[in-house]
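This document starts with one chain, in the form predicted alone, laid out as structure tokens.
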């Protein structure tokens, strides 16, 4: 491998605005660190393109600035699909299409909560996605405290009639986001478990790792046989305060008012574009991200960054002059946040046509932190194929990681149908500080980390397109 010093770079970014206007990106960077470049001539060509820092970063900037938040099933998500089609056209992609599907619409309104006894204190709260509304004027009731979701789930049914359930429990911070699953149980199932025991509403400590006074939203679920009661999340500092109040052994009463509404059947959709393969056009490598977002921030980290990464990587490959043998398909999934609707809709739309031709699939949906490892899906050929290309990523600080990956949230439904997968694992240490909050905004993205992501994805799709393996062993 060779190395060089990066001193001052000033470049004109790609034509990224959907109207066709140019956006200039000037970056003056003095970097005394050594940058390692691959000895593979093709990969080196891709990595040198990444020095502009414009790939991916400006695409995410465009999406979050021109469209903003993109709640599934709303006019904003529809506008995002139109933006994506225009952007794909401006960037020179082929076979651009939208595959529509229906979702259950939902919107939030005014949301407030406050402790009314033993003292008057406001709480910062947000409704969880899919929650029913409180009655007009809200609910005021005594509060039953549960340290963890498991404490609630293990409690006898009944006994909480007329009460608001509060579930605490901190999420553990981890680079791979391992704390999310355990913490998310209360968001997903808290309302159902509380309703079984007679509660009239639920508040949870936000599923997040930050100390900001921003509550985290996210989708919840009602069991089919459960009574539907409203559920909201309070910010971490408010949860800490509530925990301290309960530690005094005083009775607590809370008033909460969550004005939400179901809006009926609404349209969502997946936006698809391709670089058609030069020798094996029927064999498909899919890279995706989800286009929708929650409505509190502008959806930059989740998942505008992913949109920029996969679109930028494919555009980088086109600009390099390299011609992939296999087709590179970029999919921007709709309605991921409300239950992976786009991922399931994609399988339904393609299982009888070309799903069997997919040789590899992945999704970027964990922010814009630097990638630290590459991981394969299940199956000997899948693992062998990924291991064969893994050494080419070392110049980016990326090592092979054992263990099977589904490839990402929206890729899971494909993986279950036998599509081989790959995952470029990002550092998510701070991801859940921002996730599903008003703090999820474009300024949180580091352009250099974004460039590393885009380079890694461009390297991956190029090497996979040229691989002798089809990652299936067929």
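Positions refer to the first chain, counted from 1. Quantities reported herein were computed from a predicted structural model and do not represent experimental measurements.
Below: the form predicted together with a further copy of the same chain, not depicted.
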Exercise. Could you tell me which of 171 to 179, 150 to 158, 389 to 397, 293 to 301 sits within 4.5 Å of a further copy of the same chain in the predicted complex, going by non-hydrogen atoms?
Key: 293 to 301
Self-check item: residue 346 within 4.5 Å of a further copy of the same chain in the predicted complex, heavy atoms
Solution: no
Quiz item: Does residue 439 reach a further copy of the same chain in the predicted complex if we count a contact as any heavy atom within 4.5 Å?
Solution: yes
Quiz item: Is residue 357 close enough to a further copy of the same chain in the predicted complex to count, meaning some heavy atom within 4.5 Å?
Solution: no
Self-check item: Partner contact for residue 145 in the predicted complex: a further copy of the same chain, 4.5 angstroms, heavy atom
Solution: no
Quiz item: Though a further copy of the same chain is not shown, can you say which of 88, 166, 214, 366 has a heavy atom within 4.5 Å of it in the predicted complex?
Solution: 214
Self-check item: Proximity to a further copy of the same chain in the predicted complex, single hit among 74, 241, 219, 189 (heavy atom within 4.5 Å)
Solution: 241
Practice problem: Would you check whether a further copy of the same chain, in the predicted complex, lies within 4.5 angstroms of a non-hydrogen atom from each of 197, 424 and 428? | Solution: no
Exercise. Between 67 to 81 and a further copy of the same chain in the predicted complex, list the residues on our side with a heavy atom within 4.5 Å.
Key: 67, 68, 69
